[in-house]
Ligand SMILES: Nc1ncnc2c1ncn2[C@@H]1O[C@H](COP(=O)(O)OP(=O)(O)OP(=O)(O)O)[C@@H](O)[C@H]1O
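The chain below stands alone and is given as structure tokens, in the form predicted on its own.
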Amino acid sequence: MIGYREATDIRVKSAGDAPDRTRLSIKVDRVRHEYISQNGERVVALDDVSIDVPNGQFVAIVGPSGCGKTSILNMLAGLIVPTRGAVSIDGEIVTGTSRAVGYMFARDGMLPWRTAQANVAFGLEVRGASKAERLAQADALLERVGLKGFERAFRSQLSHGMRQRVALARTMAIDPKVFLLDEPFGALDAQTRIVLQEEFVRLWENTGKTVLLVTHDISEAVAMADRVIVLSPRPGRIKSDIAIDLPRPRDIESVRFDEKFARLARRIWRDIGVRGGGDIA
């Protein structure tokens, strides 16, 4: 269960309690994934993909539309099973959903009959937290993502971007070991996107959680991650695995003006093979 410092901050590690980077948090082992399309054809989405993510690392996955990025997240979340190979978290093969995993989808997934506060508190309610505790923690997280004053608002009363902030707070609330993020900031305006990227990275740097982010935004991937994995067009295979050696703690807004940032982003663009600028789908 999530712990708060004076009910306002997510649990943080002390300086001497850094994550053990020698231990694997996520392992994707020679995975192949196939599915049957609507017209009955067999489609190979991923082929022979292997990814090792040490405990506490932040990894972003980018690649063309349809290359299997989200399929990797769905496997780790226990929502689909690979056709071949296996995925594991903390050394255990994933066979179903797990409390150790927090999954934030591209869509907000808010329950329309619940307020923003009750949506954020839902995971804690399922886990048996007291009403007072879960509502206090929900309020603290809503304030953190800039929604103080909207605790009692319903989905229909919130903009798309505000609903996505609720989804981010809801994912943080359950304090998972692993965050799986599927385009979590894509629906937000540019200014709000940077604010929430900053907040998420600050929380992650303090907790040492493992993060796997799927994004179409190369600037976002470079600004936030320790590594960026580039997948080829379908069937997705690993084309490159690039270390992002920008210093931490990292200022998401100012790092974009760093010369090294520009070089890394250009390299990823070349690896993806996109010409003429613009974000990949």
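Since the structure is predicted, the reported quantities are computational estimates derived from the model, not experimental observations. Position 1 is the first residue in the sequence shown; the rest follow in order.
Just so you know, the form predicted together with the named molecule exists too; it's not on screen, but the next bit is about it.
Asks: Pick from 222-230, 35-43, 51-59, 249-257: which stretch has a heavy atom within 4.5 Å of the named molecule in the predicted complex?
Replies: It is 35-43 that comes within 4.5 Å of the partner.
Asks: Quick one: is D139 in contact with the named molecule in the predicted complex, heavy atoms, 4.5 Å cut-off?
Replies: No, no contact at 4.5 Å.
Asks: Do E183 and the named molecule come within 4.5 Å of each other in the predicted complex, heavy atoms counted?
Replies: The answer is yes: E183 has a heavy atom within 4.5 Å of the named molecule.
Asks: Residue-level contact is defined here as any heavy atom of the residue lying within 4.5 Å of the named molecule in the predicted complex; does C67 satisfy this criterion?
Replies: C67 belongs to the contact set for the named molecule.
Asks: Looking in the predicted complex, any heavy atom of R234 within 4.5 Å of the named molecule?
Replies: Within the cut-off, so yes.
Asks: Which residue among T171, S71, Q197, Q117 has a heavy atom within 4.5 angstroms of the named molecule in the predicted complex?
Replies: If I apply the 4.5 Å criterion carefully, the residue I get is S71.
Asks: Within 184-218, which residues come within 4.5 Å of the named molecule in the predicted complex, counting heavy atoms only?
Replies: Result: H216 alone.
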